[in-house]
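Just the one chain here, laid out as structure tokens, in the form predicted on its own.
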């Protein structure tokens, strides 16, 4: 599993497309309405929005993803780092921020490679 993280608009998906030869058909781009990842895709992008959906449903996104960890082994996972900046006043958004941190930590611990993108520049963390 390869985890790619970084802030918004830092080039994470473009980097993954280029490095792994991904096409649109290979990528699931999650939205706030995404309640499950499509494990038939090679790449799952915007895991942070998947996490928001799960938090709103009262679920723990890290636990749900780890339940399918063996099926994630050959995937490229892309998540936006939402841990920096102002702590949200809204309780749900605070819970989302914390759940994303737990999810990213759990995925990074199990990933073969972890990359951070900043200003379009990749930095290998693991």
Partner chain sequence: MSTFISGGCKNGKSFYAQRIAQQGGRPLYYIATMIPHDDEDQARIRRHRQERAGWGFETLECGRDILSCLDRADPRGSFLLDSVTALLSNEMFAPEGIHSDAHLALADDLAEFVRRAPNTVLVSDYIYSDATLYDELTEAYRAALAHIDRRLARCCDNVIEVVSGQILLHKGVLPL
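A quick note: this is a predicted structure, and the numbers were derived from the prediction, not measured. Numbering follows the first chain given and starts at 1.
We do not show the form predicted together with its partner chain, though everything after this point is about it.
At 4.5 Å between heavy atoms, only one of the stretches 89 to 97, 65 to 73, 36 to 44, 22 to 30 reaches its partner chain in the model of the complex; which one is it? Looking at the other structure, the answer is 89 to 97.
Contact between residue 78 and its partner chain in the model of the complex at 4.5 Å, heavy atoms? Judged by the heavy-atom cut-off of 4.5 Å, residue 78 is well away from its partner chain in the model of the complex.
So in the model of the complex, does residue 116 come within 4.5 Å of its partner chain, heavy atom to heavy atom? Yes - in the model of the complex, heavy atoms of residue 116 and its partner chain come within 4.5 Å of each other.
Non-hydrogen atom contact residue 82 with its partner chain in the model of the complex at 4.5 angstroms: The answer is yes: residue 82 has a heavy atom within 4.5 Å of its partner chain.
If you look in the model of the complex, which residues in 48 to 63 sit within 4.5 Å of its partner chain (heavy atoms)? Heavy-atom contacts within 4.5 Å come from 52, 56.
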